[in-house]
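In the block that follows, a single chain appears as structure tokens, in the form predicted alone.
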């Protein structure tokens, strides 16, 4: 950029680097999504189409930013975990925050019609975001445990609340009054005794949220006579004789590792998920 006498104004820009050697978690939240869900007639207590749209936007973010190894979503929020060693945009907070949040928002709007084709978008949705740094793997796991526990608590409440309103004929004020002071076991009992709903049989997507994880997939490759190897499925075998009938020279097999982004609705509070994927919290 060419210099000028006005360039001094750049001196007012303050650096905002994030502390190195720490885990970054960027959480995106929908702005005024209660109104958005009302204006667009989202199904209660959960609209699977809207949740799938959130998953799509989160996947687009992970596809663009390879340093994100895990994402967790519920309702109108998504949390993204960056690998500890990430140097994305030199760890400039404003740059990371604004770019990820804007990409998520634009993907949400762009793909709206794919999931809610019968519901025209009436106005522009928006999301806010924040980045929080966490010093250890223990705290990172506790963060995601907190978000999944929150998913369960909110969904259990909302499932019973909307059952009271939509099936029980109560007003929203009456439903809130009925639920005030109740504990989890009481909500389970009320759902089953009044409405025949076994909460534990509801879709895992609603009870556990969405987990997007970058999984490593290994494939074998084989090269002959110095030619570039062609990727092959691990289970696929290659003939040892070429078309001319001449013996084929010994080939060298290589294992190539690629990553895919997998969506699951599973428990991330216990050890099983993390023990099976040690790369998530590796440096």
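Numbering follows the first chain given and starts at 1. Predicted model, so just to flag it, every value in this text is computed and none were measured.
Beyond what is shown, the protein has a form predicted in complex with another copy of the chain; the following relates to that form.
In terms of contact with another copy of the chain in the predicted complex, the residue from 158, 182, 170, 145 that brings a heavy atom within 4.5 Å is 145. When another copy of the chain is considered in the predicted complex, only one residue from 132, 178, 202, 165 comes within 4.5 Å through any heavy atom, namely 132. Candidate site formed by 53, 191 and 277: none of these residues places a non-hydrogen atom within 4.5 angstroms of another copy of the chain in the predicted complex. None of 69 to 77, 207 to 215, 93 to 101, 192 to 200 except one has non-hydrogen atoms within 4.5 angstroms of another copy of the chain in the predicted complex; the exception is 93 to 101. Using a 4.5 angstroms threshold between heavy atoms, residue 264 stays clear of another copy of the chain in the predicted complex. When another copy of the chain is considered in the predicted complex, residue 47 lies well away from it, no heavy atom lying within 4.5 Å. By the criterion of a heavy atom within 4.5 Å, residue 13 is counted among the residues contacting another copy of the chain in the predicted complex. Using a 4.5 Å cutoff between non-hydrogen atoms, residue 174 does not count as a contact of another copy of the chain in the predicted complex. Interface residues of 114 to 139, taken as those with a heavy atom within 4.5 Å of another copy of the chain in the predicted complex (partner not displayed): 121, 122, 123, 124, 125, 126, 127, 128, 129, 130, 132, 133, 134, 135, 138, 139, in sequence order.
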